[in-house]
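Below, in structure tokens: the form predicted on its own, a single chain.
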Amino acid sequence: MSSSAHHHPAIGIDFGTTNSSVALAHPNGRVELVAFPTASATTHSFRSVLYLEQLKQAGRTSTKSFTGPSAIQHYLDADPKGRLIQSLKSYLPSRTLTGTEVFGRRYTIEDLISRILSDLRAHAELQLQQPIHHATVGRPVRFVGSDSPEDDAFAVTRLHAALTHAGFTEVKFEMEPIAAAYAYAYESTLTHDELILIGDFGGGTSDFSLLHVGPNSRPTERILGNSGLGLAGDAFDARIVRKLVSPALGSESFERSYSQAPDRPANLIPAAPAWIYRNLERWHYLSFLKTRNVAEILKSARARAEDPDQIAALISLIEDDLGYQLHQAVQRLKIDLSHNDSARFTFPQLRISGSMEIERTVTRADFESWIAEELTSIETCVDSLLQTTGIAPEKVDRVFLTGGTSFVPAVRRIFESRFPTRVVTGNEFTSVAQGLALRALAAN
């Protein structure tokens, strides 16, 4: 490391599937989070979204882009709407998805991600009043959609390229759960070493690490093991859409059978193809459905459906590009069910589109049955980490959970049943960025 390295600000960047945050660790160990302006206030978590729209001025057409809170504001205010692109991090391991075309221009995934990272950097420079070219950046143990360590390495290479493109000249990567361990050690001002289990739940990935932290050990030197899986909050959202929203939009609607003899069973053909509903589940795919081809498919599906109103509602959801609003409604339900035994799901925006509104009461037990498979995967992942490291649950001093999904009671129960009275939660959305900044400071 060069002698000038000591003067680099210790910057941590948590570029997340859903939210991103940036922190600076001052030489005295104090951590400062970068605040981002929103329409009404400021926030420490910057939505990882990009909005592109076309402007026509004096006969010339140009494309403008916005990121974070301002991307969402511009998108909601726009009519007609441009293109809102979300969850870009989840495309990083995919060798087949290299980019997309927007308004006739081709953008690579790296181009799109670098726009978000450039703005994160600009906001940080503005607040911290200094140029920023060095950063410690988080990465999950397993990326969403990754099937192998090679896929993870490929994702890191692409993320590095996007960071370089955004003006970062020196980047170090650190596992997100290890960053969370730095944040935990900082928050709890430990006086003795502890064996801790970190659970870091993002929008797209869940990561677990077992390590020693405390005055005598840096987290990076004392890792016993990591495990991770490519599912988290987004997978729970997808289940809500599948069980609650899609059926109201015709996923279980069949074609009317015209020449049906009374003694012959109905020829059950789904009115609309299943892949359209699969794209609804990944809410950032909804804008990809806004094509002439899909419009034609749904127009004829509506004509043949037993329940044409449901298909009409699906058509207006796609035409009005209501993916973001649908996602907000799903998030609200998930949060309400974290606090209550039952909650109302409402999606009033569809009513505005001249069709139906979806309203239903959902119990926490319903929701838990929908996500049973994901909960089992999380349990298996945690248990296999304990097995491979040979650590008995009672040997773990503390469990530190971070990320939005750590609020879901069924997720907490997985840990509370194995580690009674030892589960604590951190600053759910900013722990990783804080820990990355502290990690950068430790390396200076």
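Here, rigid core means the biggest group of C-alpha atoms that superpose within 1.5 Å across both forms. So that there is no doubt, residue numbering starts at 1 and follows the sequence shown. All values reported here derive from a predicted model rather than from experimental measurement.
We do not show the form predicted in complex with a small molecule, though everything after this point is about it.
When you look in the predicted bound form, the only residue of 201, 324, 347, 184 with a non-hydrogen atom within 4.5 Å of the small molecule is 201. Comment: the small molecule is not present in this chain, but in the predicted bound form one of 408, 399, 31, 382 has a heavy atom within 4.5 Å of it, namely 408. The closest non-hydrogen atom of residue 372 lies beyond 4.5 Å of the small molecule in the predicted bound form. Contact annotation for residue 233: at least one heavy atom lies within 4.5 Å of the small molecule in the predicted bound form.
The closest non-hydrogen atom of residue 426 lies beyond 4.5 Å of the small molecule in the predicted bound form. Among residues of the shown chain, residue 331 is one whose heavy atoms approach the small molecule to within 4.5 Å in the predicted bound form. Contact with the small molecule in the predicted bound form, judged as any non-hydrogen atom within 4.5 angstroms, is confined among 292-300, 233-241, 68-76, 126-134 to 233-241. Once the rigid core is overlaid between the shown form and the other one, residue 235 counts among the residues whose Cα shifts by 2 Å or more. Relative to the superposed core, residue 367 undergoes a Cα shift of 2 Å or more between the shown form and the other one. Core-superposed comparison between the shown form and the other one: the CA of residue 81 stays below a 2 Å shift.
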